[in-house]
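Below you'll find only one chain, the form predicted alone, shown as structure tokens.
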Amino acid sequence: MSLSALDSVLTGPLFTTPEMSAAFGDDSLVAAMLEVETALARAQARFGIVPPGLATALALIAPSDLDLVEIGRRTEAAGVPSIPFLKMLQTRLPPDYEPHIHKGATTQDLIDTARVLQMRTGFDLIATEIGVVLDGLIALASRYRATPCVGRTYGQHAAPTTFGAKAAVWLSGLAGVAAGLKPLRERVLAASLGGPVGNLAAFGAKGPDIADAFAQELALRPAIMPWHTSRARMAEAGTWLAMLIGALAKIASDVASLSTTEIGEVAEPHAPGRGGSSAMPHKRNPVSSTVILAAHQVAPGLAQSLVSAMAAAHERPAGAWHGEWHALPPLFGLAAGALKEAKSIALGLQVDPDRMTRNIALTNGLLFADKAAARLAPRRGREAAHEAVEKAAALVRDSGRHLADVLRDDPALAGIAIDDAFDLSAAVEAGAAWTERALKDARTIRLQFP
């Protein structure tokens, strides 16, 4: 039995993607640690600290040459996988090179930098999927920019809007978060090299230069200071991932609501067996929305654990750093799964404009109550106009008559033209204008993604 829904062979395919699972899997971590040690050897060879042949010898060792099961078994005693990893690596080096491996570095340098390499791959995967989702939402908002639909507040009919404007809210929300990925990468994808207590004392004044060369070898950003206990990078990465999932959850929340039987304005793309029920053959449950909302249910807590880990004591904490291992990889996994499902929605959402039109008429003109009150206000005053329409709305609910007819029959409102209050054109024009604004911004942000 798996301890994680993401690692489970049963539920993993539902909640994440094979590519992201591979990016943060054990094979990936060992490969990244090997890459880190090779880069360290190259950087140190530049300064004559280790023999030039060390990096060459390390490059000849493949991750498959190392026994992951044995590393895991020994990790139980060591407390970290880096120690048994390094010991196993030493046994595969020529005797002349073995004493020089990992010189001046420490466990956290190795694991943190390896994790950053995994994160770089994870961000690449996320960036590709974001681009596709943005494309789908851009097309959706553009196609329905002038399609009128009900605007809802507190789950109730409020005033008319357009479905394009609703999709543009989804688009703008995702684009706003997506725009933060490039600067986020520049801040968080930094190499870690500080030695036992974060001052790289083994190399004296050359320490910063060696650390910069190490980062250069890995095409990572050099850190101003070693960041063993400065964990803002990991907290920021996790928070951004949670925000990304949150932006997708906004879409999923609306889609799940709009696809209910009573509303029926949209439906997720259907495939045989998708969203079925073991008891009710007719069901087509919104699986994509469900997966996204499930990710959103747990993502904030995972991000919070990374923020909590920022209270790292002195030069190495007990537990806080290890706790990050339970939070950051799952956030990448959940983000990948949520994007996969968001892509399905963005590219394949089934929209029913006719149902939207019927739903606009569902409340017999009450959807236009605020506009009707605005028409009455110049003659009656704002408060009196509001009270008049509120009273008329109660009669609409009791009688089933249309709000326009009730207002026309009110002697106190005689002579006040209200017909244009029930015209959708103003709402459509407003929705289209805001949609165009969102589309322009999103298309600019979209250029940042592959």
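Keep in mind that what you see is a predicted model, and the values were worked out from it rather than measured. Quick note: we count residues from 1 along the sequence shown, nothing fancier.
The next section is about a form of this same protein that is not shown, the form predicted together with another copy of the chain.
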Looking at 346 to 354, 249 to 257, 132 to 140, 119 to 127, which lies within 4.5 angstroms of another copy of the chain in the model of the complex, counting heavy atoms? 249 to 257
Quick check on residue 69: any heavy atom within 4.5 Å of another copy of the chain in the model of the complex? yes
Even though the partner isn't displayed, in the model of the complex is residue 389 close enough to another copy of the chain, meaning a heavy atom within 4.5 Å? yes
Is the gap between residue 397 and another copy of the chain in the model of the complex 4.5 Å or less for some heavy atom pair? yes
Classify residue 330 as contacting or not contacting another copy of the chain in the model of the complex by the rule of any non-hydrogen atom within 4.5 angstroms, answering yes or no. yes
When another copy of the chain is considered in the model of the complex, the residues of 89 to 105 having a heavy atom within 4.5 Å of it are 90, 98, 99, 101, 102, 105
